[in-house]
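Take a look at this single chain, the form predicted alone, given in structure tokens.
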């Protein structure tokens, strides 16, 4: 054995001790390939957006209502509703984990928080793209905004208040991990020190942060419901818009938001679990809890859809009947019944797994993808048919709308940007909260809690 071979284990051990956990600061070929593919998708989106800026909204499939027989809201508004819905479930799950101390779900808490922030940013970008002239839209928001309008609530609660509260929540909950990593020499040490902002890993500090996150979670939950409901009320309060006006719009938006968001969390948790080999931190019981929650929301939303169908069939209004025919047997029937299948079948599969108590992660991931396709289709059906088949009676029976390549390119860009942001975050900060074994014993009370520190913490909390 050579001297170099003898020293190899020591060098490997030293490298492992200095490396940051969860793959932070290290890149692999697979990660580079994924980021490169996501970046290519972002470029496609930028090309679509620049084309729209050069041609105007005429480059999209949207047209004015009335004599042009089109729809002024299309795929972009569908994406706004979709991304805000995804964000709803993310911060909701994170808040519930803090409020009820759900230990078996703590492995997914931070990725839920990250997903919320990313989804809200994507929703804001979708609004900007839909405005056509973003600068003028932002200026007019301050000049002509009416606080009593649901549109104002959408911008103020969702894009500003909701996003700001989510960022503050993620910042506070991650300070301890930032302090632990700031004590380790790395290229990101300055970043971790800025995030921790003087945090000291003591029992008193942890108790204060737990109280802070508890009250933040308690305050965020009603903001979530109000913000998502206000988005539904943008549609539900428009009396002269057939297919939109109704009392079920707000609660249906909230429930479907939970469906799409939990589906995303399941997929993201499975990817992180496999990529970072965190089977012990993200166990099957976490997926089982998410599966049961998703199943409940799916059955509730299916009930809402059934009520909507019966109301459409039995109510006498001509405009509403025209929209109902277009959805059930007409132009949009394939998309409507397809979305029903993507929501009902997963609900039944989840019920079967719950009865058998056999939760298979691969099946849950497939269900998470399928319900998101269904949720995206349902949002499209909320936005478009009421414009093409419900608002054009004085000018003709029906209108048309089909997204162009520009809109599809922007959609690809937005989804790619979301994947890119999550991938980058995973390399600059742990996507899963550090366990006691990952903490540095040199950090104040020692990143890992000693028995006496744990007892002191109990006294402080009580």
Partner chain sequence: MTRRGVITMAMIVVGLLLMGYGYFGGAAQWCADAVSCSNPRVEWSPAIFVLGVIVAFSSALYYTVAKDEVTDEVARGKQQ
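Quick caveat: nothing in here was measured; it's all calculated off a predicted structure. Positions refer to the first chain, counted from 1.
The form predicted together with the partner chain is left out here; the points below concern that form.
For the partner chain in the model of the complex, the listed stretch (133-141, 257-265, 105-113, 182-190) containing residues with heavy atoms inside 4.5 Å is 133-141. Every residue in the set 148, 201 and 205 has a non-hydrogen atom no more than 4.5 Å from the partner chain in the model of the complex. For the residues 271, 328, 219, 306, the 4.5 Å heavy atom test against the partner chain in the model of the complex is passed only by 219. Note on contacts: among 311, 358, 160, 101, the single residue with a heavy atom within 4.5 Å of the partner chain in the model of the complex is 160. In the model of the complex, the partner chain stays beyond 4.5 Å of every heavy atom belonging to residue 296.
The partner chain is not shown here, and in the model of the complex it never comes within 4.5 Å of any heavy atom of residue 281.
Heavy atoms of residue 165 reach within 4.5 Å of the partner chain in the model of the complex, making it an interface residue. Among residues of the shown chain, residue 285 is not one whose heavy atoms approach the partner chain to within 4.5 Å in the model of the complex. The partner is not shown here, but in the model of the complex the stretch 165-190 reaches within 4.5 angstroms of the partner chain through a heavy atom at 165, 168, 171, 172, 175.
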